[in-house]
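Consider the single chain below, provided in structure tokens and representing the form predicted alone.
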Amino acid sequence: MSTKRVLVTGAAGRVGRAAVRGLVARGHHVVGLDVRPTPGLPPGQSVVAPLSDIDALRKAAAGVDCLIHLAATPDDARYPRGTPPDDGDNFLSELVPNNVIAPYQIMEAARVLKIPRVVLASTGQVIGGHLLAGNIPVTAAHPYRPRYLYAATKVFLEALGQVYATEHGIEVLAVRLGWCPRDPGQVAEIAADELFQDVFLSPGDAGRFFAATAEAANLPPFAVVYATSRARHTLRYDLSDANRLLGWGPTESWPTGASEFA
């Protein structure tokens, strides 16, 4: 295995930290970009800047073999939406700048800098309607049934990746991630619901997954895969494409690793 140079955006977040750990454990040279310092990286490899800082982004991305884009506003401000006057949303304030404009800047950096591979963090929420309807296991071939506004921005993210793969020759992998909880409240939500337990993504499985995305010898120009830990009750997402393309499969299941957030 050759050592890869990898940039991880959103590296200080809960999935970002797992990705950095997994990549570093495999011996790769990792640069993290986040609005906070990245745990586990020396200062010279931890870039503190927003994605709106295009110069900082492109400087951090120069010469990398793989760009893993995890930075995003992670959900709708409120779902289900409230009733007037408490019916606001975070679409214009957060979702558009962080989940629409920022991915464009990521793909533009990849195009200008000739980065050969980009991994884009999508979400199972883009097919959330299939889960609720029981159309499982959901595959990459299922049509979009997004949950709400956050999921709609991730539909755009996947389409953007496909456009840049087709038009600019970049290998783009869109990853519909399971739920890696951010805080004790989310841990409690997962503990209370079998569906959430089945789409849980442990930090260990996430780290190994993202290492596999950087190490895979060849990928299609564009592909969509799912990444979760092993289902505790019922298989909700089809993980076979991740195994076929990356040689990756989960080894853990709920609640392994959840104590990191409790």
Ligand SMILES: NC(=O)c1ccc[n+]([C@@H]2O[C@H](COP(=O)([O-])OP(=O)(O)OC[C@H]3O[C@@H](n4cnc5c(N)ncnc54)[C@H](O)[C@@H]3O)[C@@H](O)[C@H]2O)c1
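Quick note: we count residues from 1 along the sequence shown, nothing fancier. For clarity, every value in this text was computed on a predicted model and none was experimentally measured.
FYI, the form predicted in complex with this ligand isn't displayed, but the following is about it.
Taking non-hydrogen atoms only, residue 70 approaches this ligand to within 4.5 angstroms in the predicted bound form.
The closest heavy atom approach of residue 22 to this ligand in the predicted bound form falls outside 4.5 Å. Remark: residue 233 does not count among the residues lining this ligand in the predicted bound form, judged by a heavy atom distance of 4.5 Å or less.
At the 4.5 Å threshold, heavy atoms of residue 215 stay clear of this ligand in the predicted bound form, well away from it. Contact with this ligand in the predicted bound form, judged by any heavy atom within 4.5 Å, is made by just one of 224, 51, 211, 60: 51.
Contact with this ligand, judged by heavy atoms within 4.5 Å in the predicted bound form, is confined among 158-166, 81-89, 177-185, 133-141 to 177-185. Judged against this ligand in the predicted bound form with a 4.5 angstroms heavy atom cut-off, the residues 98, 121 and 154 are in contact without exception. In the predicted bound form, this ligand lies within 4.5 angstroms of at least one heavy atom of each of the following residues of 2-20: 10, 12, 13, 14, 15, 16, in sequence order.
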